[in-house]
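Before any questions on how it binds or moves, here is one chain, the form predicted on its own, in structure tokens.
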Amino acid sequence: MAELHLIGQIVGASGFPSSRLFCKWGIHTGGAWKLLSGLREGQTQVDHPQLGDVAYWSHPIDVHFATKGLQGWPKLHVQVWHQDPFGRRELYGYGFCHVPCSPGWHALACVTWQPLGSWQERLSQLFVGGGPQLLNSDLIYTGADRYRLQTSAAGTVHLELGVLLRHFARYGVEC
């Protein structure tokens, strides 16, 4: 079987409206992919930067997959959350990016978006906090019904990934 090994980190995030951010992340693959080692999902710590608007997490990612086909190449999806001083959490953005298919070291910028909701929900969000969230998180990385959502741009999550490919030439894939 061909193997894909991802080693890297979620460096941090920038461009969000306030600090005290953390990130929930996951890797989605197709049915032909098998996780050999590592975690398929995780969460960073909360970072409260004293200067600037960049949150630094340096959260490690180390996963190893095996596959019999290229269909369902891995996608990395993220959710950025804000935690206030009282421990309440508010969603700041969803995003995803495709894992690069060429071996080597890659710096990725994963742009995020936030659902807008109705004008009543936006007014409520202004006074009470919170905001609309997706009922099904599969919409983050599948484009099936995402086109129907009204969204606004949020910040950017910065990643560094090392991609190692093994035995892909045996299956007719040139790297």
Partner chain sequence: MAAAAAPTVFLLMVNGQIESAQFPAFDDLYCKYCFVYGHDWAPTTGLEEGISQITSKNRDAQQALVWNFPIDITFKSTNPSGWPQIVVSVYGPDLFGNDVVRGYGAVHVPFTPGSHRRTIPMFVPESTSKLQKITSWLMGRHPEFTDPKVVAQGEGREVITVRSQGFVTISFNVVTKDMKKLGYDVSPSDMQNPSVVSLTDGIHNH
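Keep in mind it's a predicted model, so treat the numbers as computed, not measured. Numbering follows the first chain given and starts at 1.
In what follows, reference is made to the form predicted together with its partner chain, a form of this protein that is not presented.
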item	value
Non-hydrogen atom contact T142 with its partner chain in the predicted complex at 4.5 angstroms	no
4.5 angstroms heavy atom contact with its partner chain in the predicted complex for L39	yes
Contact test in the predicted complex: D62 vs its partner chain, heavy atoms, 4.5 Å	yes
4.5 Å heavy atom contact, K68 and its partner chain in the predicted complex	no
Candidate spot P49, W57 and V163, all three touching its partner chain in the predicted complex (heavy atom, 4.5 Å)	yes
In the predicted complex: members of 99-113 within 4.5 Å of its partner chain, any heavy atom	S102, P103, G104, W105
